[in-house]
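We begin with a single chain expressed as structure tokens, specifically the form predicted alone.
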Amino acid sequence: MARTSRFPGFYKITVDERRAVVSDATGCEAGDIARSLDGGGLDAETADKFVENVLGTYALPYGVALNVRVNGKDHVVPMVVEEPSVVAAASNASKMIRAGGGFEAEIDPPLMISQIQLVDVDGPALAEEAIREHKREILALADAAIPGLVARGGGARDVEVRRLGGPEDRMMVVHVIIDCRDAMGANLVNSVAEAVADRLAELAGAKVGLRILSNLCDKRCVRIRCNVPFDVLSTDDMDGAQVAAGIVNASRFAELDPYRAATHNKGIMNGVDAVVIATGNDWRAVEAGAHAFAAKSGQYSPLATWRVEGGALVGRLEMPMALGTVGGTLRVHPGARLSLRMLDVEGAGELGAVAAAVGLASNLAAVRALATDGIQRGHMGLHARSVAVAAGAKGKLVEKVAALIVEARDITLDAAKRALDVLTSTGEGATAIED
């Protein structure tokens, strides 16, 4: 059977039934899904080996985005996130994008930047010339520090030199460019920085400053494009062309105003971060790179833009994406290993493309909501369920209480408690619990 991520009515079935559906679609055994995720998927003893001063673990919901097709391949995409509506919105928007052929992705080679700061540089021109003349030597030193990566086809690829500040700063930085293959690469890149620093300082007649990777990994970007037919964008009150025009307006707002761009990009990262966390990757590094990339021009700008082209809405996203499918947390976290099996990606590049595609879908869902009903309608409807649970609702009472407080436009804990009391006093509560 061809791999698919289309499961109509998935949200209506139970957790166990969803596990069975995903198991059939991805080949991950339902029992393995349960063992990897129940209780948060990580015991306290293992967690104690991750970080310091461990008291236990802290679980977050693990859901899956559906309908995601990237470069013609379907993916059931794991997402770890606490915010209501994020998973549903990404799935719904991916379904719209799927109607236009799905996401198209272009992926850069996995190049990371090792930075070596040089200070007290008295002759920057001569220092730069000396470093460039000894490029082969520097690359050889770098490769010698990472033999395992070199054996896997990676390694040092280039050396770049940049002068920083004015003459009074006497500072420059050397970038050693490393092909990290399927690793995120932080430890590898830092090892290179340590290995070449003293020789660079000697060549430059300078002193060594900081030696560290850069999270602005702009040589390791992913570019996503999608076409959305007008007819799938329409609502009860607006036709597809009107909705598309509203989305383009929202895009232009973000392009012209950094205050709006920040929230526009937050919506993208709702999707990206959830995938990054689910796969055991460093979401803080991805966030740092994304926002630095967004500000690279000197004004903070949106990572995704939308235009009407040829009778369809066209979305484009470009951002750095340094992810790994080997090493780090992936070795020991059952949930992270499960996520990679479920995704069925062929390396870190494809994983980055899927994460970015989910980010673009999340952005489409947000700007479409803003251009039509407003962001609160769908979001607060899902939030109402959390409020109902906090009020003490169980079983089918959760949906009943949520529906009542949404209808009353009073999605508060007090309102949920009043609704629960009403349902219980009329006998509906007992029936709902029995059901």
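Residue numbers run from 1 along the displayed sequence. Just so it is clear, the model here is predicted, and its values are computed rather than measured.
What comes next is about the form predicted together with a small molecule, which is not displayed.
Q) Looking at the small molecule in the model of the complex, is some heavy atom of each of E83, G267 and A366 within 4.5 Å of it? A) The answer is yes: all three residues contact the partner (heavy atom, 4.5 Å cut-off).
Q) Counting only heavy atoms and a 4.5 Å cutoff, which of 185-193, 226-234, 267-275, 93-101 contacts the small molecule in the model of the complex? A) Looking at the partner contacts, the answer comes out as 267-275.
Q. Ok, Q242, Q299, T263, N71: which has a heavy atom sitting within 4.5 Å of the small molecule in the model of the complex?
A. Contact with the small molecule in the model of the complex is made by T263 alone.
Q: Only one of L370, C28, L404, L42 comes within 4.5 Å of the small molecule in the model of the complex by heavy atoms, so just point that one out.
A: Exactly one residue meets the criterion: L370.
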